[in-house]
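Quick heads-up: it's one chain on its own, the form predicted on its own, in structure tokens.
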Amino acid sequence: MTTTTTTVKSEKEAQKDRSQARQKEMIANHFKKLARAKEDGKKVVYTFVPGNLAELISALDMLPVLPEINALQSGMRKRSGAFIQEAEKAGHSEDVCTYVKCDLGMLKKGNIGPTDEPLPPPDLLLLSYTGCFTFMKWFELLREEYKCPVVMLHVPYQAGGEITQEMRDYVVAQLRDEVIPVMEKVAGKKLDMKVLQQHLALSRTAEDALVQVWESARHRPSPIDGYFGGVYYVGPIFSSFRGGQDAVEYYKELLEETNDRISKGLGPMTPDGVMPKEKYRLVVEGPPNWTNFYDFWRMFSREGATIVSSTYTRVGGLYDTGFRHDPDKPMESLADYCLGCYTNLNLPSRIDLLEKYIKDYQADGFLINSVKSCNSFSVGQLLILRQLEERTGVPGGFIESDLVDPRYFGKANIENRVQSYLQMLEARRNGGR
């Protein structure tokens, strides 16, 4: 197997389909709103992607800021390395999550966001803790910087592999008695339950369409890339737009675009254009690297390898296992969403989910990207690898990188591993072992 000699485009020149371009525009417009938030009289809530309470925030007419989104956007724009070094100069360890260090370094440099517009200070730090202890320490650091109110929603870990009624009741009680009263005080208004229900109904509509997009990967060729392309697909619903009409319109357009590709027998869009031929179907566990995102993507797309499903694109919600936000049960629905995020699942549940994806999408193989500074994903991944190979008979691969620290993306080493893995899949296909 040899790497193609297609001229390497810069990231700015990478080809995008309509939905990718629209998602980028939506994110940019949100940053513009944030830059004007104080003069427009808008309250700002800092929160995280897994288990985020987007519908509550928007129902109270506040704007969300998601530090992970800021960090990954900075990584894609080649800015995260300098921010990380700034945080390390201030004493933060090399082993700390690089999202955290990127965010803190950006703050120290004036808190100018990825689109070169200032990010407003938070009026509230809203921690809906889901599967990542680092979030708690991160917000402790931000609290010291901003001296603003903090409210925490403690979400029990799914140690037993299921959401129990006791767990649901515990989260609902916190929402009712602790979280919402603090949010109302900051917002300066009472929560209108009918408005919240309207937002939840819009979320449900968007979630239905997203699941249809994910499941389109059952087709051959898959019309989507469920990992690299998938981060564009989930951007609106996992960040600032879930619960709004913009998200509904985006996912309607994305589904139409996907169905059009199916009708034409087209594969997914890649940085070099439409993939000409699908040779390998893979499932991926773990987040992508953002500092070299398009280089990473091309290691697969130029060899005809399509990612038909991934766990990272479920980190903000496992909608394809049946969950939907329910306007008829608003508090219980919000609780189940927080409890059910991927990083809140135990290892057996994660293995079950990956096994399902491998079988449902008829994958030729699965690959683990072990991210150095993300314990929420990386702990237990070698166990996941062994058990999936035993259960499915499908061979696994293992590579290592990082989220937004360019020092931990060894392009040549990763590319060699990816190519060796794909060569092994080709040999198995031809009867070798």
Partner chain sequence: MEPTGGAPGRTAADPAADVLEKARVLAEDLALNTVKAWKQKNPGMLAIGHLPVYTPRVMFEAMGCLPVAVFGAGEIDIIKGDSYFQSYICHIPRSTVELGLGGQLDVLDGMVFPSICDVIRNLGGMWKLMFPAKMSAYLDLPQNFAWGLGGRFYMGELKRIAAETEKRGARPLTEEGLRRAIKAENARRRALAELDALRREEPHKARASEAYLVARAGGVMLAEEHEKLIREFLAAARKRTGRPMDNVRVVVAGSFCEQPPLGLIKTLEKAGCDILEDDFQLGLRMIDGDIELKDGMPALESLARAFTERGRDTASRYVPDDTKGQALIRRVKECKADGVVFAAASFCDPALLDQPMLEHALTRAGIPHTSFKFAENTGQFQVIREQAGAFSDSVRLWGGQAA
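From a predicted model like this one, the values you see are computed outputs, not experimental measurements. Residue numbers count along the first chain shown, from 1.
Keep in mind the form predicted together with its partner chain is missing from the figure; the text below concerns it.
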item	value
Exercise: residue 91 in contact with its partner chain in the model of the complex, heavy atom 4.5 Å	yes
Touches its partner chain in the model of the complex: residue 348 (any heavy atom, 4.5 Å)	yes
4.5 angstroms heavy atom contact with its partner chain in the model of the complex for residue 371	yes
Interface membership of residue 76, its partner chain in the model of the complex, 4.5 Å heavy atom rule	no
Proximity to its partner chain in the model of the complex (heavy atom, within 4.5 Å), stretch among 227-235, 248-256, 263-271, 173-181	173-181
131, 137 and 143 all contacting its partner chain in the model of the complex, non-hydrogen atom within 4.5 Å	yes
Heavy atom within 4.5 Å of its partner chain in the model of the complex - the one residue of 156, 121, 118, 327 that qualifies	156
Residues of stretch 379-397 in contact with its partner chain in the model of the complex (4.5 Å, non-hydrogen atom)	379, 380, 381, 382, 383, 386, 387, 391
